[in-house]
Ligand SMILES: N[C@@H](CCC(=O)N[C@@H](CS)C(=O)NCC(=O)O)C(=O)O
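First comes one chain, alone, set out as structure tokens in the form predicted alone.
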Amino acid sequence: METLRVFTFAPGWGLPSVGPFALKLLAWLDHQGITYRQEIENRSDRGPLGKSPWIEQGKLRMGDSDAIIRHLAAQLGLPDPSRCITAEQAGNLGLRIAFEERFHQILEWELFVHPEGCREMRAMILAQTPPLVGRLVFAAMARHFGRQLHARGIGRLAPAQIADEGRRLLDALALRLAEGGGVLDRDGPGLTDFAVWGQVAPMLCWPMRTPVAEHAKSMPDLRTWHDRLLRPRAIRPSALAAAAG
């Protein structure tokens, strides 16, 4: 099989990528023992769908983490991890959607609209680009996410309502983890764990004191689950070197 190249946002906050969907994909690849080369690309517009992550393998260029996972599973003769054939799997699909759609909006709001998140993201971008370019890039990103979050609904809510919704989702996640003995998938960490973890891990790791992230950090069961999923996925030296370059 030709070399699998996985393009992600740079590492940060002790994570192998700051991209939630890249974290899901990297975790699934590592769990399956699939060999790949992580390539750092902070410009998602260079990908085939204009978003991160994406893969390149020979002449193939593919975006969307779910489509990538389904493609690689079929290529390697593995079961489709996103297919629902039991009621439990259908429930897990609902949990993935709740976190990858609604909670993801809350994550973006805390990063690009909340003052604490804004300061950190601006500093990160300025550290990676010339000052004038960095200021323009951050201003464009902040406008983009502000408009997008307003259009999708979460940006129309008051900050206290956004924080309350994020906490409720985290509380529901903690209940599911307790019911499942510390994982979401019955047979051990699987796609549901990796997908939801990808959304929650940045909040558990970033230094900003944003309200939903602070709630996540106060929950020991979430911390234990996060440590279990992160431990086998130390930041690869090649990824760090690419980010530094």
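This one's a predicted model, so the numbers in the text were calculated from it and none came from an experiment. Start at 1 and count along the sequence shown; that's the residue number.
Same protein, other form: the form predicted together with the named molecule, not shown, and the subject of what follows.
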* **4.5 angstroms heavy atom contact with the named molecule in the predicted bound form for residue 145** => yes
* Quick one: is residue 51 in contact with the named molecule in the predicted bound form, heavy atoms, 4.5 Å cut-off? -> yes
* **is_contact(residue 225, the named molecule) in the predicted bound form, heavy atom dist at most 4.5 Å** => no
* Contact of residue 104 with the named molecule in the predicted bound form (heavy atom, 4.5 Å) -> yes
* If contact means any heavy atom within 4.5 Å, which of 137 to 145, 117 to 125, 170 to 178, 85 to 93 contacts the named molecule in the predicted bound form? -> 137 to 145
* Asked: Considering the named molecule in the predicted bound form, which of 56, 66, 30, 41 comes within 4.5 Å of it through any heavy atom?
  -> 66
